[in-house]
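Given next, in structure tokens, is a single chain: the form predicted on its own.
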């Protein structure tokens, strides 16, 4: 049973498109990058959206849960403050590391799928959960490379992580597609092995191929291939909530709303643009 008290299609809140987000008549939920909120306090436009009854999920990008170092309590405290200020039912973060030895990578980096790395990840997730006032959903990232000598498949790695931490899964269908393209594998093979009953909500986003690799850009429209994969997911498991991420090169409102309609149709959800 998902902890989310709503269902439907959402759009990520970004300051640059806050007006477009607020004008969506059927919007039930959104998501905000936690690190963009000072002190966890929402800006007025986001606060107004929340007062309208739209659920807002804080989405972290800096906890570095997959790092060898313990998670920074100050960063977890900020994520917790965001959840409390927004009255959010859960928060989300990435299965990745972003720093080591005091140096910031500036990117979400993949975690080796080894037993040792899994133990470290489980330790850090549990530490974060202990400090958070709401449940935590974990998002597997789009990776441009894999570490050598993996001991676990991605499906087994994720399943054991979720089982050992009792965390929820934030399933990014665009990331599933990106990884399959970059690995030369079938994305459906992974979807069929994942514990889909643990899915809290789903991300959809656009990307582009460059020099033989597929990049999860969030600046392109969702491709037909990703929409088809979303439709395949929804034919096997009906996620309660699906959200479009856009983080730059924002199109005119008509184009963005048309993309939301395509996602709604692929997922067999009610359109939120009318």
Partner chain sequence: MTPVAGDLAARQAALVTALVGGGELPDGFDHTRVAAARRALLVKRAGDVTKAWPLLATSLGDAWPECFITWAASHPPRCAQRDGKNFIRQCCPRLARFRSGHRRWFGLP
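Everything numeric here is computed off the predicted structure, so don't read it as measured data. Positions refer to the first chain, counted from 1.
Same protein, other form: the form predicted in complex with the partner chain, not shown, and the subject of what follows.
Of the heavy atoms in residue 164, none are within 4.5 Å of the partner chain in the model of the complex. In the model of the complex, the partner chain sits within 4.5 Å of a heavy atom of residue 66. Though the partner is left out of this view, residue 247 does reach within 4.5 Å of the partner chain in the model of the complex, counting heavy atoms only. Contact check for residue 104: a heavy atom falls within 4.5 Å of the partner chain in the model of the complex. Here the chain stands alone, but in the model of the complex its contact with the partner chain, taken as any heavy atom within 4.5 Å, falls in 141-149 among 168-176, 141-149, 190-198, 79-87. Just one of 132, 109, 71, 122 comes within 4.5 Å of the partner chain in the model of the complex, counting any heavy atom, and that one is 109. The contact residue chosen from 225, 213, 47, 235 relative to the partner chain in the model of the complex is 213, the criterion being a non-hydrogen atom within 4.5 angstroms. Contact annotation for 172-186: a single residue, 182, has a non-hydrogen atom within 4.5 angstroms of the partner chain in the model of the complex.
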